[in-house]
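First comes one chain, alone, set out as structure tokens in the form predicted alone.
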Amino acid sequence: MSAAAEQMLPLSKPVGRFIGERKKMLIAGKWVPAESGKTFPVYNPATGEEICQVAEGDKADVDKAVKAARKAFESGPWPTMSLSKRGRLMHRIGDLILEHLDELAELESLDNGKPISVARAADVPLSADIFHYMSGWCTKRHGVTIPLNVLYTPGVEYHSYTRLEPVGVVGQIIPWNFPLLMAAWKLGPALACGCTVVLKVAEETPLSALRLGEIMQEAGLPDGVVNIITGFGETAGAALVGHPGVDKIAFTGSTEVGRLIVKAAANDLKKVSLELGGKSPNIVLADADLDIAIPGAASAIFFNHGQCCCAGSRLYVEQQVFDKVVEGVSEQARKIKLGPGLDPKTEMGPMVSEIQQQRVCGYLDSGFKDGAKALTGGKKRDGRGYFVEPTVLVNTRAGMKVVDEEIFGPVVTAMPFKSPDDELINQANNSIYGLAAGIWTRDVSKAHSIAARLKAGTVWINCFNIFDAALPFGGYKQSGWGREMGEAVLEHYTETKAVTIRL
């Protein structure tokens, strides 16, 4: 990074050390360069300037990390650690995340571009909460006893029970939109169940996960239990998915990449869980409290710059309030202050990369070609950084790419409907995705009725983007397999063993 660019960033001393450094990977408890010696640049999306160089891990590094995770799983202190001690260690990780809240928020803002106010209020506290919540499950997951009635052995009694055992070495691949939080979502349940992990972080945003690795070491996590690989999907990611020493893959990212992972994992029938894309319908009924629904609909799409898999990107509004709602959302969009994430006045930062900026603008061009009209926004912002204006599109319909495909940017398509009938439900469900949905209404009966018919893993009523460590999150259809968070996620990291003894 140039001296001029560095002076523009109000970086604290802990975060400032990342500037110009060559960051290493965490393998077997040690910070090591890539076997190849290669590095790659990480950029500040608000300026396009290089922050630092990071080790470019590949197949050789993944192999080392998997062997370290296997050793930690089979021997050493991790498999023999008491469940209560494991829980205390995980809780300590959460405590340390909160102790370093400002530093982590600043690092997340620098690397990802999101407003530091959002990182402070959401990303970092929610990451700590995952470790706190999951730490409690260490001592609460257990098997059951099962009475048998074996008809073909009359007079013989049996004692049967089940054991929940860790699935083993887990390969985890996370995206760039919530780098720290996605690491916590993946690591928390895996550690609670006693697994060991090789975590492959997004090449665009590796810095907060690397800092988390240091925090986990400070908390006392044994060497090799968590290994962190930096590198590219087609090399490091593919090597991790295809490695015979990995028992399970957990992936968050695009549906397109999810399909590739399923194919690769099929070679040795690895267990796979996937949290994938979305194109979430957000439904505003005429009886909704518009003072809540309008800012809520704006937040549903513009939160995290629209770089959110569950973003309310398809806005369906009942005809009689359509103009009022759409103009209200447009007015909210016009007021959003774009700028560098580290500026405390910023309300929306840049897209994470130039590639993502080009992708979003490509969708906008496609929409305009198909007849869509922008009530506000509709283009990238001139100057430095990868900014795209918050955009509200009308004159849109099913069949347009902007309506059907995940844009992953601050773009909402608004469409009217006549009444909340079968036609509306069919429109809302007319997607390959089924991650989330929103409903805005004062009518509780309508709310429950519509919620029951929507093909989505999460339905928010008179709210949107509400997350909690105890609440399962995941999708129907091509939005993924399985769930993150809550008790439900623990199923992905355990094997059930049935034991029967003749008495």
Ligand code: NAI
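Since the structure is predicted, the reported quantities are computational estimates derived from the model, not experimental observations. Start at 1 and count along the sequence shown; that's the residue number.
The form predicted in complex with the ligand exists for this protein as well; it is not shown, and the discussion that follows is about that form.
Residues with any non-hydrogen atom within 4.5 angstroms of the ligand in the predicted bound form fall in just one of 379-387, 290-298, 244-252, 130-138: 244-252. Although the partner is absent from this view, residue 348 stays clear of the ligand in the predicted bound form, with no non-hydrogen atom inside 4.5 angstroms. Taking the partner from the other structure, the ligand in the predicted bound form has no heavy atom within 4.5 Å of any heavy atom of residue 302. With a 4.5 Å cutoff on heavy atoms, residue 260 counts as touching the ligand in the predicted bound form.
By the criterion of a heavy atom within 4.5 Å, residue 343 is excluded from the residues contacting the ligand in the predicted bound form. Residue in contact with the ligand in the predicted bound form (any heavy atom within 4.5 Å), chosen from 213, 194, 277, 420: 277. Interface residue among 93, 202, 226, 183 relative to the ligand in the predicted bound form, by the heavy atom within 4.5 Å criterion: 202. Taken together, the three residues 325, 412 and 446 lack any non-hydrogen atom within 4.5 angstroms of the ligand in the predicted bound form. In the predicted bound form, 356, 359 are the residues of 338-361 with at least one heavy atom within 4.5 Å of the ligand, listed from first to last.
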